[in-house]
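Before any questions on how it binds or moves, here is one chain, the form predicted alone, in C-alpha cells.
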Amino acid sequence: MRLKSFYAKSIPEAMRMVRLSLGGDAIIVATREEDGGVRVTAAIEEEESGRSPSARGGRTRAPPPPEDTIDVAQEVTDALHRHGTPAAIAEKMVNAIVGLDTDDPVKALGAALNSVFGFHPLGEGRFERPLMLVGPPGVGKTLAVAKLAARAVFGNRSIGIITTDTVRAGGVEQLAAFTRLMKLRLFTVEDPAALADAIDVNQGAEQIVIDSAGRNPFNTEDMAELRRLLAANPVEPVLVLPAGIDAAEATEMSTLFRGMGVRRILVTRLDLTRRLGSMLAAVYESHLDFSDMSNTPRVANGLTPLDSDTLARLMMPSPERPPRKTGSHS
C-alpha cells in the first residue's frame, strides 16, 4: 500500500488532488484540519505484480514507480504548503504540472510558477521611461535605488538619480551618501514641476531612477499626493514591498498601488524571510508581475532579476548550501 498526503483549502479540492495523483482507486485513510485548510491522507493498493485491484477488472495500469523515484507533484505541493501558499493558488500551480515530463521538483515548481505568475525584470539596459520606486514607508525603496545605481555604475551605464523623499528625516542624506560614493549627482525635488525639470536634465542618461517618499496606501491624502506626482510626469511606478508580511495586508496594499499605475513589484528582505506565500498571494490577487529582488543589505551586491526558475530555487533551496544571504536590511 502506497500512502500520500494532500493539503488543500477544502475537502473537495483535496479529493480532486487525490484523484489527479492516485486515480479513482485511492482509499482515504485520514483527514484533518490544518492551517486553515485540510490535509487528506490517501492510499492505493498495489500487488506484487505492480497492478492495483482495478487491473483485475480488465483495465491496465502502469507499474508503480521504484521506491527511490521522486514524486514531483507531491514535492511541489509540500513546498507550497511550507510557504503558506493559499490553497486556491497552490491547486492551480499543481494542476499546471500534471503530466509534466521531469523528475526535478525545482524545475517543476519553476514551470508551475511560470504558468500562474508574470515575470518582468527591470533590466540592465536603457529604460523606456524613468522608474519611480513607490511603496509604504520603511520597505527599502532608498536602498533599492542605491542598488540600481550601483548596478548601472558597475555596468558602465549612465544613470540619473532623483529623490522626492524630502519629508522623512535623513531620507535625502541616506541616498546622498550612496551617490557621493559612486560619484553621481543627486537631484532633490519637492513637487511635480521640479520633478519634470530634473527628468529633463537627465534625459541623456540611459536610466533614470526616482526615490519617492513612503506612502501609506490606506491614507487618502498620501495617495492623492502620489497620484499628482505620477500624473504630471511620464514615469513608471514600481512597487517595493518586503517579503514575509501578512498576506491579506500585502494583497490590499498591492491592489491599492496598482490603482496608481503600478504593474511590477520589487521584493525586498528576502534575506530575512523563509516563507513566500504572502508575496505569491499579493502578486496573484493584484495581477502584478515580479520584477527583481533584494536579498542582501549590501549595496554592491545589487538586485537580482526574478524569473520563475530563480523564485523556484528560493522556495526549494538546495540542502547543501544556505538558502539565502543573511543581513539586517532590505
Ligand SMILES: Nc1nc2c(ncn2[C@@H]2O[C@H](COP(=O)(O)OP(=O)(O)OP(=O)(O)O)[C@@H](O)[C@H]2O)c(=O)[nH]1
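In this text the structure is predicted, and so the values were computed from the model without any measurement. We number the residues from 1 along the sequence you see.
Below, we turn to the form predicted together with the named molecule, even though it does not appear here.
K.L.:
Identify which of Pro121, Gly244, Pro130, Pro136 has a heavy atom within 4.5 Å of the named molecule in the model of the complex; exactly one of them does.
P.N.:
Selected option: Pro136.
K.L.:
Name the residue from Arg185, Arg168, Arg227, Arg157 that puts a heavy atom within 4.5 Å of the named molecule in the model of the complex.
P.N.:
Only one option qualifies, and that one is Arg168.
K.L.:
Specify the contacting stretch among 110 to 118, 137 to 145, 192 to 200, 246 to 254, defined as having any heavy atom within 4.5 Å of the named molecule in the model of the complex.
P.N.:
Partner-contacting stretch among the options: 137 to 145.
K.L.:
Taking the named molecule as it sits in the model of the complex, is Gly277 near enough to touch it, meaning that at least one heavy atom pair lies within 4.5 angstroms?
P.N.:
No, Gly277 sits far enough from the named molecule in the model of the complex that none of its heavy atoms falls within 4.5 Å.
K.L.:
Taking the named molecule as it sits in the model of the complex, is Gln174 in contact with it (heavy atom to heavy atom, 4.5 Å or less)?
P.N.:
Answer yes; at least one heavy atom of Gln174 falls within 4.5 Å of the named molecule in the model of the complex.
K.L.:
I'd like to check something about Gly214: if you look in the model of the complex, is any of its heavy atoms closer than or equal to 4.5 Å to a heavy atom of the named molecule?
P.N.:
Flag for Gly214 set to yes.
K.L.:
In the model of the complex, does Arg269 come within 4.5 Å of the named molecule, counting heavy atoms only?
P.N.:
Close contact exists here: in the model of the complex, Arg269 approaches the named molecule to within 4.5 Å, heavy atoms only.
K.L.:
Though the partner is not shown here, which residues of 226 to 256 have a heavy atom within 4.5 Å of the named molecule in the model of the complex?
P.N.:
Nothing in the stretch sits within 4.5 Å of the partner.
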